[in-house]
Structures are given as C-alpha cells and as structure tokens.
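Okay, here we've got a single chain as structure tokens, the form predicted on its own, with questions on binding and movement later.
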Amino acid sequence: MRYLYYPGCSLKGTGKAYDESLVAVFDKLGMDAKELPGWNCCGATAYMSVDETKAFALAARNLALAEQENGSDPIHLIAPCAACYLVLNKVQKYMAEYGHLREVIANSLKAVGLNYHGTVKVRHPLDVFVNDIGLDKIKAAVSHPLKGLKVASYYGCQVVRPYAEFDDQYNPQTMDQLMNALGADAVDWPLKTRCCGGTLTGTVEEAGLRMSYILLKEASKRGANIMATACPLCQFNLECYQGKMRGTFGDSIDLPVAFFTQIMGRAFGLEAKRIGLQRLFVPVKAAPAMA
C-alpha cells in the first residue's frame, strides 16, 4: 500500500516532536510514507470562520496534490494532526454532497493547474498502525517493553468524530490497543474524548485552564503516570499550562503529556532525541519506563 504523509503546519512548529517521532516510527516499521510535496495549510484554525469556502479550497489543494502524485491509483494520505485530519475529511464529504461548493473548489483548483477526482483516502496514523500494520508487527518491533507504564490515552474531540470510521466515536480503543501492545497498561478512564479547551486557553483562559485541568486530574486519579495524545493543540494545552493550573487550582498537578508516537518510539528503542523527548516541558521522570 502506498502512503503519502501530510504533516500540516503544527507538526513543523509547536508539534515538531510529533513529526520527529512519527517519521522515526515510520522508518522503524519499514513504512514508505513520503512527505507530500508542496503541501500547504489545511485551512483550519480561524480561517475556517473567516472564509469557509477559501478554507475548503486550501484543503482541497492538498488532496489534489496527493492525487497528482499517484496518478490514477488510489492514495492513502496520512494526516496526524487532529484538525488537519478532520478538515481534509470534511472537505471530501462536502465536495461529494454539495454540488455548488464542488464547482467553486474545482474552479479554484483549475486556476492553479490542478484537478481533484476524489480518489484520495485520508487516514489517521492510529488507523494505519492498528489496521494496516497490525498489532502483531507492532509487538514484534518492541525492544524495550514499557512495563509498569500507565498510560491515559487521550483522543480529544476531532480524531474520532464526526468523520472517522476506524474507531468508536465515544469509547475509542485504537490508541489503548497500541499502548498495550508496547507493554504498557492503558488506563480505563471516561474522559478520553472530552475537549481540552482548544483555543480557549488563548481567548478565555480561565475556561480553557479548567477544561484541561479536569482531564489531567482525572487521568492522575485513575493512576496514569503519563498521558498520550494525537493532537498538537491538545498536547500544548495539557502540558504547557500545568504551571498556571497549579497556581490557579492550588494543586500539585505534574503529569507528562507525550505524543503517542513518542511512546511507540521509546518502546522501539529509539533514542530520546530522535523522537523529540527533550522538547517536552514536563519531563518524563514520573514515567520511569520512558526515561
């Protein structure tokens, strides 16, 4: 199966550790996943509210580039960022259902010499790892089993809903299955798809902090010594504001928050720097198997 990799803006900036660890894991598993040449922003964030049609056109350009890269053969485009994954799927769905929007986007693409015929399948790496690579191969790649590591798998709002079909929208299991395959213990907890606050940390900080704090507190109460996530914004909110949370709520919250691919990389015996562990604001000292 042929894959293309769409990192999106966040993985080249604040979520760089996600990019580093994902590419390292691809390599370890022998996956051919070339970065999409010439990719651009998916149109997420505020742009979708400013001009939805132009945001759709931005996202569609990436799909057209992926299709062009592979000719008439179906291509699987891996989008690890939760927002990118949602928006690219949303564009596909809207283009299929709304003829006027499809025409507008087609004309926009034509103006830059591109066409899109709907042959790209947008995939999340969780889906690819569990359903294409398979848990048996994941287990076989483990050289440093993460025994004793208790992981709260956090999917966030956008990975499994509303467009994903590879996991349950309310009680997803793919990340938990991966963590167990690595030798870790996936913590059973009820808030794995509850919102972290998103951009509220930058607009209504009090509300955003509380939403993230509730997640961290619940994961800690359930015995987790690390949280795994698949979203750069979730990772940022849950990790980087812990100091403010301690001051605001008078709690000694101190829980490492890593990308699930960093945890995979550690179990595969990859060097800490190669998977971006040095970029974490909250060190993994509380999770000895990761140190």
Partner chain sequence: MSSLQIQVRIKHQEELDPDFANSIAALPGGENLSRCIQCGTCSSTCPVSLYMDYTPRRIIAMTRAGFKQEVLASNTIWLCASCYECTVDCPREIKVTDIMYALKRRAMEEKVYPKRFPTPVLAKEFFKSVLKTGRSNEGLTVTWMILKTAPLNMLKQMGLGLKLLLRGRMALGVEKMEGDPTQIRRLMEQVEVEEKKTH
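Positions refer to the first chain, counted from 1. A quick note: this is a predicted structure, and the numbers were derived from the prediction, not measured.
We do not show the form predicted in complex with its partner chain, though everything after this point is about it.
Colleague: Partner absent here, but in the model of the complex, which of 117 to 125, 138 to 146, 86 to 94, 176 to 184 has residues with a heavy atom within 4.5 Å of its partner chain?
Modeller: Going by heavy atoms within 4.5 Å, the stretch is 86 to 94.
Colleague: So in the model of the complex, are Lys16, Glu52 and Val104 all sitting within 4.5 Å of its partner chain, heavy atoms only?
Modeller: Spot residues vs its partner chain: full contact, yes.
Colleague: Heavy atoms within 4.5 Å of its partner chain in the model of the complex: does Ser108 have any?
Modeller: Answer yes; at least one heavy atom of Ser108 falls within 4.5 Å of its partner chain in the model of the complex.
Colleague: Would Asp188 show up as a contact with its partner chain in the model of the complex if we use heavy atoms at 4.5 Å?
Modeller: No - in the model of the complex, heavy atoms of Asp188 and its partner chain never come within 4.5 Å of each other.
Colleague: Can you check whether Lys273 is within 4.5 Å of its partner chain in the model of the complex, heavy atom basis?
Modeller: Lys273 lies outside the contact set for its partner chain.
Colleague: Mark Phe166 yes when one of its heavy atoms lies within 4.5 Å of a heavy atom of its partner chain in the model of the complex, and no otherwise.
Modeller: Because no heavy atom of Phe166 falls inside 4.5 Å of its partner chain in the model of the complex, the answer is no.
Colleague: Taking only heavy atoms into account, state which residues of 53 to 67 are within 4.5 Å of its partner chain in the model of the complex, ordered by sequence.
Modeller: Thr53, Lys54, Ala57, Leu58, Arg61, in sequence order.
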